[in-house]
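Consider the single chain below, provided in C-alpha cells and representing the form predicted alone.
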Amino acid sequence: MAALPQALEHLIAELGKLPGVGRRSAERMAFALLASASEEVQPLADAIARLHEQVGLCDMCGSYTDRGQCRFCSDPGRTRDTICVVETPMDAIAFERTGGFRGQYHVLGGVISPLKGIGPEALRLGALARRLREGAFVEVILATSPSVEGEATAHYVAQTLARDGLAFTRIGRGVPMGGALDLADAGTLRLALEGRRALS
C-alpha cells in the first residue's frame, strides 16, 4: 500500500483508538474529513477541543456533567431511597433510556480487576460509603457487568458496605427480549432460571 501523508496516518491511527472503529472505518472517516471544506470540519474540531474543558464528573454520583451536579442528582423528582451502582457514566445513561428507574445513581469508575492492577482503592467506593451513611437509602442495586470482575466487585461492595436496614440487590440477567432459547448459552439460561419471579 502506498504511504499516506504523515498527518493523515496520524489521524487514522487516532480515530482507530475509538471503540468499534477498525482501520477501514478510521480510513473512511479520515478521508471524508480531508475531502470536506475546512469550515465544515472546524465545528467538529472545536467540539473535541472543548470536551475536556466543559465536561467533567458530577460531584455527587460521578456521572458526566457540565456543572457541579449532574441532571440525575439535581432532579428533585427522583426518589432518594434507592441507589443504582454502575461501572461507568454510560451505564447510568443506558438505564435512563429504559425509563424504568427514577432513583439515584453512583458511578464506581470501573471494576476491581487484580490482573489489571485495579484494586478497590481505585474505585469511587469511599464516596459511595459516604452517600450511604448520609442518605436515607434502603436499597442498593448493584448493576455491574456480569463478568468475573463485575461479580467480584458487586460482592465486595455488598460485603464491605453492609449495614442494618440496607438491602443489596443484583440486577437480573437472562434471556433478552425477542431472543430464542435454543440460541442462548448455558450460563445465560442458568441465570434466567435462577432469576425467575412469580407472575402477577
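One-based numbering along the sequence shown. Quick caveat: nothing in here was measured; it's all calculated off a predicted structure.
Here the subject shifts to the form predicted in complex with a further copy of the same chain, a form of this protein not shown in this document.
- Using a 4.5 Å cut-off to a further copy of the same chain in the predicted complex, not one of Glu134, Ala152 and Arg190 places a heavy atom inside that distance.
- Taking the partner from the other structure, a further copy of the same chain in the predicted complex has no heavy atom within 4.5 Å of any heavy atom of Leu166.
- When contacts are judged by a 4.5 Å heavy atom cut-off, Gln54 counts as touching a further copy of the same chain in the predicted complex.
- Although the partner is absent here, Met90 lies within 4.5 Å of a further copy of the same chain in the predicted complex, judged by heavy atoms.
- The closest non-hydrogen atom of Glu139 lies beyond 4.5 Å of a further copy of the same chain in the predicted complex.
- With the partner omitted from this view, the residue of Arg80, Arg71, Lys116, Arg130 that lies near a further copy of the same chain in the predicted complex is Arg71 [heavy atom within 4.5 Å].
- A heavy atom within 4.5 Å of a further copy of the same chain in the predicted complex is found for exactly one of Val175, Ala162, Leu34, Ile171: Leu34.
- Interface residues of 11-39, taken as those with a heavy atom within 4.5 Å of a further copy of the same chain in the predicted complex (partner not displayed): Leu11, Glu14, Leu15, Leu18, Pro19, Gly20, Val21, Arg23, Glu27, Arg28, Met29, Ala30, Phe31, Ala32, Leu33, Leu34, Ala35, Ser36, Ala37, Ser38, in sequence order.
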